Ligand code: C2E
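What follows is a single chain, given as structure tokens, in the form predicted alone.
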Amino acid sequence: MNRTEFTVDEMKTHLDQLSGTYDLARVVDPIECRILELHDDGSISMNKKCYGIWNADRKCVNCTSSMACRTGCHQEKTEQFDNRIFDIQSDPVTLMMQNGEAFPAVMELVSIRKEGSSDPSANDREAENRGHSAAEFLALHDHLTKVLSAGPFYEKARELLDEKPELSWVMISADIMSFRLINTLFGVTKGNEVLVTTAAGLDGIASGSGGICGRLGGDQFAMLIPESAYSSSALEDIAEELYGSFSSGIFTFCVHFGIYSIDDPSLPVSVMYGRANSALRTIRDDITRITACYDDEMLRRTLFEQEIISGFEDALGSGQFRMYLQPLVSDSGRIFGAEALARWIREDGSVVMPGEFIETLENAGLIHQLDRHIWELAVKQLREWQGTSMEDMTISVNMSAKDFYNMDIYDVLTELIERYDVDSSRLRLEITETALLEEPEKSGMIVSDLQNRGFIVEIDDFGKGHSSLSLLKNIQADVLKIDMSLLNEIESDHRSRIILGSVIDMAGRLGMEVISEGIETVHQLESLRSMGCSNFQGFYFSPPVPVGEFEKQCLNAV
């Protein structure tokens, strides 16, 4: 099946067409393990457990539909129950709900073979499904924190909502800020301690109110509690306790909460959690705020994000993502290079700015596709400049933390410069300190390999993160780009000037080139010059511009 997005009516028609080929064709919510009933008015409801046809009493082990939903890929499996063999195909699909929200689901196509089998592995799996009390606890709960794991949390949440419709409920998401850095800086044991303490605080609130708490993965937790039991001060108390226990001189601990007051209990629980998480994302990088509540504006933002995601592939394929260049300027005023930045120019001519789509693509796991596209545009442009007056120009491209997980960066970059026959030193690689710190050993090896291949590596946004000095010690980058947040206070803060001057001096002693980005005023420029910085970037010189405009600027500067 090539198509993955359907309205409810389209899916009903599609299932009717497939019912003549398969014994069972249906759509399920793999998170709540329920069959989706598609109604003629375009609405969706959920009643029966999807595993009921196996005569099982709870979620199947190694569920193909859960796997299909997580991976976004087709899955197949054969199961045996009651002397019947079920051949199951699971395909991830997206159902467009009446209000425009996208609901991830799975289409299951099942063929039933009538002849029995004595396959012991199938019988063992059924026994494991049924289990005993101790085994059931392990199957339903996260082994580290002892709260519900993801699947059982969603399932139990649906049961509570259905069993007590007279109550008003609140869905709460919780997320620990920069959790991977805790493991990196302090070790996995300390990271586990943080998770256990967080879970205990949340579970104390949930269990005392008739609600439930679950760990949905990594450092992400969820609670469903009656609205009468909700208290922002109780959440703030948890955050304060964690801050006091785990913050240190080089790391500020912070936990955030997103709150969604459930106004429609018939919504899929995953949508409810998604709304709570949308609220949380608005304060994810803010250490001054602990809680955020979901509102209508966030719903509009959610729909916009889904529009971004659904249109991304077509926009990328049709060339709507363009490379803009922002000049890098030396102390003498000479333009010696540029930073490549993405702009989304839609077919109607409207421009979607990076602030509107970068984070959305990162959260959706799509940013590596955009990054690779911009890298190729940059290398192609360097190739076009060869043999011209701009052949010594460099282009700096951005690399995100997700790039390290989703592709072999070294192979991709070396293939590009070899295909276009470009000197690797002309393509500079900007890597944020957060990306380098998430897996320092792995990223350090990749950086070293890239430098050995001739690439110039720049540490971007220096001063914005948590552990800059240790990064300079461990990652021997070639260029340090000073984040504009360090520049904002130099006009009025004497201490900031001293710190910034020391950073510039230290980088020089380490043999690193320094570029100050975010220059907006002549006073900032003169102050940085007096501190010894000789390379600059910012709106004072030029905003990011199309390639043609950048070329004109270079010619006019000669």
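Numbering starts at 1 and follows the sequence shown. Note that the structure is a prediction, hence the values are computed from the model and not measured.
One more form of this protein exists, namely the form predicted in complex with this ligand; it is left out here, but the text below deals with it.
S.K.: Tell me, which of Ile367, Val106, Ala435, Val379 has a heavy atom within 4.5 angstroms of this ligand in the predicted bound form?
M.R.: If I apply the 4.5 Å criterion carefully, the residue I get is Ile367.
S.K.: Could you check which residue among Cys293, Ile374, Leu167, Leu416 gets a heavy atom within 4.5 Å of this ligand in the predicted bound form?
M.R.: Contact with this ligand in the predicted bound form is made by Ile374 alone.
S.K.: Go through 421-429, 255-263, 219-227, 393-401 and give me the stretch that gets within 4.5 Å of this ligand in the predicted bound form, heavy atoms only.
M.R.: Within 4.5 Å of the partner lies stretch 393-401.
S.K.: Is it the case that Ala342, even though its partner is missing from this view, gets within 4.5 Å of this ligand in the predicted bound form, heavy atoms only?
M.R.: Result yes; Ala342 sits at the interface with this ligand in the predicted bound form.
S.K.: Any of the heavy atoms of Asp505 lying within 4.5 Å of this ligand in the predicted bound form?
M.R.: Result no; Asp505 lies far from this ligand in the predicted bound form.
S.K.: Is there a non-hydrogen atom of Glu526 within 4.5 angstroms of a non-hydrogen atom of this ligand in the predicted bound form?
M.R.: Contact check for Glu526: no, nothing within 4.5 Å of this ligand in the predicted bound form.
S.K.: Is Gln326 part of the interface with this ligand in the predicted bound form - any heavy atom within 4.5 Å?
M.R.: Heavy-atom contact with this ligand at 4.5 Å: present for Gln326.
S.K.: Given a 4.5 Å distance limit between heavy atoms, list every residue of 382-396 close to this ligand in the predicted bound form, or none if there are none.
M.R.: Not one residue comes within 4.5 Å of the partner.
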